[in-house]
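Presented as structure tokens, the chain that follows is alone, the form predicted alone.
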Amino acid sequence: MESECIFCRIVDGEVPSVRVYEDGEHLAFLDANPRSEGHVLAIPKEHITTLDELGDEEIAKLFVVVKRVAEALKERMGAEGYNVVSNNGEIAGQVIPHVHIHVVPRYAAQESRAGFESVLPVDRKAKSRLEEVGARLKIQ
């Protein structure tokens, strides 16, 4: 764990989050600044900075989590599609230096469905709304 890393602190429970999936190696939780309702981040619990630093088996396991999240977004939130995005390195827009995969649900009601960049940020939801969405998405 990196003591300065917000995601490591979320893994350790030092920083609150709305968790939708967890196993021994991974955590998936709602993004605190969502691009759309149900925006989830999937991470390895181990502090690793970029995707290319993961072994092939670790990447495969992480993307199984991403797939489960995507399925839950479609089944439980009514998402008609989703974006899967990972920024790796500061030059690529990575803000938090811990591997994370964004799973951003897309709904017909959104103004644009062209790509990740065109998604308009939603108003911040109250904590209770995030918890409600998290409960709907909870993956066993």
Ligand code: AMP
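Note that residue numbering begins at 1 and tracks the sequence as displayed. Here the structure is a predicted model, which is why all the values come from computation and not from measurement.
Although it is not shown, the form predicted together with this ligand is what the next lines describe.
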**Item:** Partner contact for residue 130 in the predicted bound form: this ligand, 4.5 angstroms, heavy atom
**Value:** no
**Item:** Contact of residue 45 with this ligand in the predicted bound form (heavy atom, 4.5 Å)
**Value:** no
**Message:** in the predicted bound form, is there a heavy atom of this ligand that lies within 4.5 Å of any heavy atom of residue 77, even though the partner is absent here?
**Reply:** no
**Request:** Look up in the predicted bound form whether residue 6 has a non-hydrogen atom within 4.5 angstroms of this ligand, and give yes or no.
**Result:** yes
**Request:** Using heavy atoms only and a 4.5 Å cut-off, determine which of 83, 49, 94, 110 is in contact with this ligand in the predicted bound form.
**Result:** 94
**Prompt:** Of 106, 100, 26, 68, which residue is found within 4.5 angstroms of this ligand in the predicted bound form when only non-hydrogen atoms are counted?
**Reply:** 100
**Asked** Can you tell me which residues in 41-63 come within 4.5 angstroms of this ligand in the predicted bound form, by heavy atoms?
**Response** 41
